[in-house]
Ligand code: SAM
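Here you get one chain, nothing else, as structure tokens; it is the form predicted on its own.
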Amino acid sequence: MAHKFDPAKLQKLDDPARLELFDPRKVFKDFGLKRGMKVLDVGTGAGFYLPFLSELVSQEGKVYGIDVQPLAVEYARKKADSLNLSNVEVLLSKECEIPLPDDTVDFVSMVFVFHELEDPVSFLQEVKRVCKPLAYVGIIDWKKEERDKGPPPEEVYSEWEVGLMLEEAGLKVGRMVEVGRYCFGAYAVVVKEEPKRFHSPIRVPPGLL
């Protein structure tokens, strides 16, 4: 797929109308995001979701926003500064080289970015590297169907394709859910060390979304 967003259109990514697609507070919370977590926001773009992630993890947590576009990084940094998001750090990344040490984050957020990846499996393996021994990945992307918003269907992956790539990269697929009219959510778990007792933080009863 790998159809990159044009950084010249960054302001479009900061349009409040994007909240019509899904409620970020509700969905991130249902994904298992909570206070004190360290979060990686992949493809942060204009930093649209940074305030919501920052709020949910609170000052006890940390949010790292990454993007491969220097203009996006500059834009998101200015936004974080203007909103006094002191627990947010925005970093310039490479396609499959995240500028974080091993075992850093508890949760990875990938919103409308999966279809832009050059090599999704390699990128997910890099995501796994920066995740703690037990961590969670939440992917939200466009449905592979005709829509009046977003990229055309041929430029996105189906839920089935996303699930296969998650498994190939060594992540455990939790479930796929519908997230509003235009997009779906994929839940996955990074397990580097099998815990003695495992309790998933994902709280999505059937039919909730």
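Start at 1 and count along the sequence shown; that's the residue number. Keep in mind the model is a prediction, meaning the values are calculated, not measured.
The following text describes the form predicted together with this ligand, which does not appear among the structures shown.
Contact check at 4.5 Å (heavy atoms) against this ligand in the predicted complex: all three of 43, 49 and 72 pass.
Residue heavy atoms within 4.5 Å of this ligand in the predicted complex occur in exactly one stretch of 116-124, 100-108, 131-139, 77-85, and that stretch is 116-124.
Within 4.5 Å of some heavy atom of this ligand in the predicted complex lies at least one heavy atom of residue 68. In the predicted complex, this ligand sits beyond 4.5 Å of every heavy atom of residue 191. Within this chain, residue 25 is remote from the site of this ligand in the predicted complex, having no heavy atom within 4.5 Å. This ligand in the predicted complex comes within 4.5 Å of no heavy atom belonging to residue 89.
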